[in-house]
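Here you get one chain, nothing else, as structure tokens; it is the form predicted on its own.
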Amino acid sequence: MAGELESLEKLLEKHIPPDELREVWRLLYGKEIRPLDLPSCASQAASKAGFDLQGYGFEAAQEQTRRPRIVRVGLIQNKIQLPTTDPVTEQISALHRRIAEIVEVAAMCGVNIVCFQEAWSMPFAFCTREKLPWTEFAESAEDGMTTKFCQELAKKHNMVIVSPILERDSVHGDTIWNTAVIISNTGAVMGKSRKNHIPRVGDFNESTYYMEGNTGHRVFQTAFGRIAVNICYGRHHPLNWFMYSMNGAEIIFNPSATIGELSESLWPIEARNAAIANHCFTCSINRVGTEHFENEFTSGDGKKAHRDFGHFYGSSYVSAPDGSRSPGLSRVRDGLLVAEMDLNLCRQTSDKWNFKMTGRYEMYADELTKATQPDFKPNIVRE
């Protein structure tokens, strides 16, 4: 069943009377957002290529002293294209072709910034704990074949590209990192942001390949707004979102790879809550499909040896600072979600709720500093 259900939205539409469905959406997803009128050529191209295409708009109030700051963001989720036993370079090339096809449609839809899923140029093979051939997918963030591919796409379409890859850092002893490369709409590599939090949960014991990142909470000033990248497991850490926001992020991307049994009940909540708490937009991307590996592996959690993770459930979506969110993409198909957002909504929501103005950061900082000390004693009052 996990790999068959198209989406929660389609299930609700099938079983809830139309006159009640609008109220259900309001209760589930907050303020009503408008569907985007995407070009027919884009819809036709998506249909021909077999991927889900959806578009929604988030609006802000008109201001007297600031113009609207409109940006279109694209989220791409996809399956791997070839069996995991095929040659490494062929697997990478096949994924490049698929992504180029979907980015072409994003360009038709006027997308300014596009983000791909975590480790998009390879299978999510970290469950296997095998080194070869999986470490061969690791590339230079600055001049690897995937970064060069994305640079060409960025220049061609005047589009900022967020490309999460497995990075090989040859300057520092061939160290491997889980990294997002940010490429300007001019085609220049703006920089990179490494995964801050590494899971050690069942199959997701990724420290076999890389450790916690060392780039902190970088925010990138693009031509279309300030963006940050909170990779996958970082979404479970509220302070991780918070620090990107404190550094000025208006849009925080969360490229992920996560399966239904582990996290699907958490997925709709965490990034949406982060958007509310931090007065910013959050964009959650999850891959789709079930990836099979040649050799059995175990998880250290008592389960029998197996050859796949489980079902990556897609369901990529966008959340706004006012608590509204888009429907999710398909749970089973490749997809492109286009979101038009007015970044003025970030400050407008902040002015309304004042979470940052009323935050007691000096108190938190003082108490967190104490909590990290070896002689820390919890502040508990007893009779």
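Please read all numbers here as calculations on a predicted model, not as lab measurements. Start at 1 and count along the sequence shown; that's the residue number.
FYI, the form predicted in complex with another copy of the chain isn't displayed, but the following is about it.
Engineer: From the list 299, 93, 290, 196, which entry has a heavy atom within 4.5 Å of another copy of the chain in the predicted bound form?
Structural biologist: When another copy of the chain is considered in the predicted bound form, the option within 4.5 Å is 196.
Engineer: Given that another copy of the chain is not shown alongside this chain, does residue 340 nevertheless sit within 4.5 Å of it in the predicted bound form, heavy atom to heavy atom?
Structural biologist: Residue-level check for residue 340: no, no contact with another copy of the chain.
Engineer: Under a 4.5 Å heavy atom criterion, is residue 219 part of the interface with another copy of the chain in the predicted bound form?
Structural biologist: Output for residue 219 is yes: heavy atoms within 4.5 Å of another copy of the chain.
Engineer: Decide whether residue 30 counts as a contact residue for another copy of the chain in the predicted bound form under a heavy atom distance cut-off of 4.5 Å.
Structural biologist: Yes, residue 30 lies within 4.5 Å of another copy of the chain in the predicted bound form.
Engineer: Does any part of residue 354 reach within 4.5 Å of another copy of the chain in the predicted bound form? Heavy atoms only, please.
Structural biologist: The answer is yes: residue 354 has a heavy atom within 4.5 Å of another copy of the chain.
Engineer: Looking at 126 to 134, 70 to 78, 264 to 272, 144 to 152, which stretch has residues with any non-hydrogen atom within 4.5 Å of another copy of the chain in the predicted bound form?
Structural biologist: Heavy-atom contact with the partner occurs in 264 to 272.
Engineer: Check each residue of 237 to 253 against another copy of the chain in the predicted bound form and list those with a heavy atom within 4.5 Å, in sequence order.
Structural biologist: Those in contact are 237, 238, 239, 240, 242, 243, 246, 247.
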